[in-house]
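To begin, one chain is listed below as structure tokens, in the form predicted alone.
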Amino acid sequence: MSDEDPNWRVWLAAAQDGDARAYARLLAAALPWLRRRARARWPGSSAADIEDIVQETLLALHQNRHLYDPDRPAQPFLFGIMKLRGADVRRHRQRHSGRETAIDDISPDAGALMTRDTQEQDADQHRVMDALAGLGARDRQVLEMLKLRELSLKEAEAETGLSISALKVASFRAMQRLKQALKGGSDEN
């Protein structure tokens, strides 16, 4: 770490005083150095883990740059932050590795990408659509207008010619028949 560019100390001290250009120069110079140091410190880590460690280090630097002592070298300060943040990232990975699957390990067309909730929702939609298909034409029309297309009663009245009260009664009866069809469909399975 003794090969530190003397500008790092100057840039970090200037960044403490709010100099955005000096801070940008420091970050540009420190980023490749941090990546190299992270790869050397954790050689078995994936590229994504290394990048997470570096990004966490930069965030911690941003939040804690006021703690830097300008009379001391900047690299040990950065390396100390990286060691702590790297340990946090690796601990987090260890805790969650049993519950997570890397998306890169799954082919894009694999059924494993489909969530259980989605599968159940799709199955429910198919059951409802099958039950709707088994209803009479008028029931299907009323349910489609009022429940699927969500037309107002006035709009449905204009489209069908039925009165609002007739639409309400037809909708109620169609829903009862649909519920009965769904109940009958669940008994078969």
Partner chain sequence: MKTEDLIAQLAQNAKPVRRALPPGALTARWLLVTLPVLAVMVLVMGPRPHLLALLMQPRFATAEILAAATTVISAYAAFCAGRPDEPGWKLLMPVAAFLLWLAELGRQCFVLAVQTNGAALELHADWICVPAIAITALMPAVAMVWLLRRSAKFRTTHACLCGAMAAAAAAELALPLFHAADTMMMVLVWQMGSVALFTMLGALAARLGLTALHA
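Numbering follows the first chain given and starts at 1. Note that the structure is a prediction, hence the values are computed from the model and not measured.
If you look for the form predicted in complex with its partner chain, you will not find it shown, but the lines that follow are about it.
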Review point. Pick from 60 to 68, 126 to 134, 144 to 152, 36 to 44: which stretch has non-hydrogen atoms within 4.5 Å of its partner chain in the model of the complex?
Key: 60 to 68
Exercise for review: Answer yes if any heavy atom of H96 is within 4.5 Å of a heavy atom of its partner chain in the model of the complex; otherwise answer no.
Suggested key: no
Practice item. Classify A15 as contacting or not contacting its partner chain in the model of the complex by the rule of any non-hydrogen atom within 4.5 angstroms, answering yes or no. Key: yes
Check your understanding: Just to confirm, I81 within 4.5 Å of its partner chain in the model of the complex by heavy atoms?
Key -> yes
Check your understanding: Should A156 be classed as touching its partner chain in the model of the complex when contacts are defined as heavy atoms within 4.5 Å?
Key -> no
